[in-house]
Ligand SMILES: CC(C)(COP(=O)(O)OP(=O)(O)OC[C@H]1O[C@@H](n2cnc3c(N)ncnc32)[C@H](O)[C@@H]1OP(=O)(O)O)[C@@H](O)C(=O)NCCC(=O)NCCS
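To begin, one chain is listed below as structure tokens, in the form predicted alone.
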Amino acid sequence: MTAGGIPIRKATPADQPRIHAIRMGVRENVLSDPSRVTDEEVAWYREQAIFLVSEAGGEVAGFSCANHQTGLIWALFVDPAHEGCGHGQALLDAALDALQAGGIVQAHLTTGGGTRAEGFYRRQGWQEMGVSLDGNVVFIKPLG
């Protein structure tokens, strides 16, 4: 499938080293404790939920994960070398389309306040619902 002209596909186990490199190489929302994201959790998203990757030049350029049961956008990350090229938008659109196709009527996510990600979600029409206990901005978006 493509979104905005960007190739999007389901993640595979072979993508994991590249996905890990992207996650650890971001400039914002840096994972301060990598042990918080377990191999089991990643495998569950890949095998049971919605785990998509975008490609550029045959290489994984970004990824998104969404919980098909709750509507949570769990992850959306793009390699810094591919930022500003539409990968984030394409991955988010594809994840939201998959959630909606699965019967989810509202998506939600959290992100750091004052970040580029916060601005990105606001521009996409996400509505702020407040701040979580860990200080992140909580957003919702009706689907459909």
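Because the structure is a prediction, the values reported are computed rather than measured. Residue indices: 1-based, along the sequence shown.
The next section is about a form of this same protein that is not shown, the form predicted together with the ligand.
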For the chain shown here without its partner, which stretch in 36 to 44, 99 to 107, 80 to 88, 64 to 72 has non-hydrogen atoms within 4.5 angstroms of the ligand in the predicted bound form?
80 to 88
Does the ligand get within 4.5 angstroms of any non-hydrogen atom of residue 59 in the predicted bound form?
no
In the predicted bound form, is there a heavy atom of the ligand that lies within 4.5 Å of any heavy atom of residue 117, even though the partner is absent here?
yes
Residue contact check: residue 126 to the ligand in the predicted bound form, 4.5 Å heavy atom:
no
At 4.5 Å between heavy atoms, is residue 94 in contact with the ligand in the predicted bound form?
no
